[in-house]
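Next up: a single chain in structure tokens, the form predicted on its own.
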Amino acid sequence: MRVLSAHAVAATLAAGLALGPMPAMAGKAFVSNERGNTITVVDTEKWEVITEFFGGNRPRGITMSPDGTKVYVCASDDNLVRVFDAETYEELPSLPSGPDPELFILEPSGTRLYIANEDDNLVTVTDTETRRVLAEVPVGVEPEGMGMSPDAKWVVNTSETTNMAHFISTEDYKIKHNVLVDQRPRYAQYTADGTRLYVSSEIGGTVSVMDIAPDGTPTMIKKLTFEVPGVLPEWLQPVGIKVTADGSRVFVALGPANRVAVVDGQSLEVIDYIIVGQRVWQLDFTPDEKFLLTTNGNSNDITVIDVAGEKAIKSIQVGEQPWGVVTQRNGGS
């Protein structure tokens, strides 16, 4: 049995995991700084930087174990996934990733990590417990985005040069569907109920919206476009996407437009744009969905967005060229 610290017990209770729904206590956000080669840790109650530690060479994709105790980082120039203790920040044994890992997705059990290898046109499947590669799945040219259906039966990879979303069965690691999207797809995000998928296309300037059948089959239903007065169309470059748990709001990072688009999840219409830092790239909610954090690569900061108010409330300086962000779930250890 794992013994929890007092901090972990308090955080667990606050998250409602032991006593039902309760207000969430302070947690942490981990930000990967691509050029600075560091991970910045931010207190998500005080909105202050706690510390910064070495994250490998060119850290980009970042996620956490389901229990919030480990941080996984795509160290792209090291050709591996670095692993850190979320409480002590000590580096743990790394995971094999294949060459140039950029983004990944961890299945809900925490045992299999699906990694996009940009230079080798592969998705590598790694067992986080045995630290062994289970499979290598050939995909399109320059794979980047990784998404997973809530039931963990499907992994979606987006390939930048092939301009496709590849639907990979997690049962046999075979591609079952290929869907053509617009130029340079970057990110794939399912809704919490698994009935819809959003895929951003950076250069195409669109987000492809697909309905997902019970058997996992995708059907394209719409392409979202963006228009901001005074902003050149070529600056409207969708990258990161996050969807509220109820599916009512879709938030899209628009890169050098320095804005996050707010999309109505029912009508699929853009209803607002939130001004954030420069070159907004990736996004993550706090566990209670009260706040959305954005990484702003050119202003070296993150923006905190009030989700209910749909407005930016704070900027926090982090490391050099922040790329990815993940918030700690379940209190950590």
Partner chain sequence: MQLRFPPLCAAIVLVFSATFAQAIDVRTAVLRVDYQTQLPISRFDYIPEDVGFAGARLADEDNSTTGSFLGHTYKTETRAATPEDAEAALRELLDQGIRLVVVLADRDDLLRLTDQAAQSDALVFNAAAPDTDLRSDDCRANLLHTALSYGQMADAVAQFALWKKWPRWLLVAGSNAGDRALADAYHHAARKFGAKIVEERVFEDTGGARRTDSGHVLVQRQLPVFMQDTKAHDVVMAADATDYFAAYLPYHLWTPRPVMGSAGLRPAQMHGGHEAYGATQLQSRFEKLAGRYIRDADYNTWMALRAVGEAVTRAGTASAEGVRAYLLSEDFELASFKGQGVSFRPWNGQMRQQVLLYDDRVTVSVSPQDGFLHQNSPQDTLGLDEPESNCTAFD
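Numbering follows the first chain given and starts at 1. Everything numeric here is computed off the predicted structure, so don't read it as measured data.
One more form of this protein, predicted together with its partner chain, exists but is not displayed; see below.
With respect to its partner chain in the predicted complex, the three residues Thr63, Leu92 and Val207 uniformly fall beyond 4.5 angstroms at the level of their nearest heavy atom.
Remark: of stretches 108-116, 258-266, 178-186, 211-219, the one touching its partner chain in the predicted complex is 178-186 (heavy atom within 4.5 Å). The contact with its partner chain in the predicted complex, taken as any heavy atom within 4.5 Å, belongs to Thr162 out of Thr162, Asn79, Thr128, Thr191. Contact check for Ile203: a heavy atom falls within 4.5 Å of its partner chain in the predicted complex. Under a 4.5 angstroms non-hydrogen atom cutoff, its partner chain in the predicted complex has Pro138 among its neighbouring residues. Taking the partner from the other structure, its partner chain in the predicted complex has a heavy atom within 4.5 Å of a heavy atom of His166. A residue is said to contact a partner when one of its heavy atoms sits within 4.5 Å of a partner heavy atom; Asn121 meets this definition for its partner chain in the predicted complex. Along 225-242, residues Leu232, Glu234, Trp235, Gln237 each place a heavy atom within 4.5 Å of its partner chain in the predicted complex.
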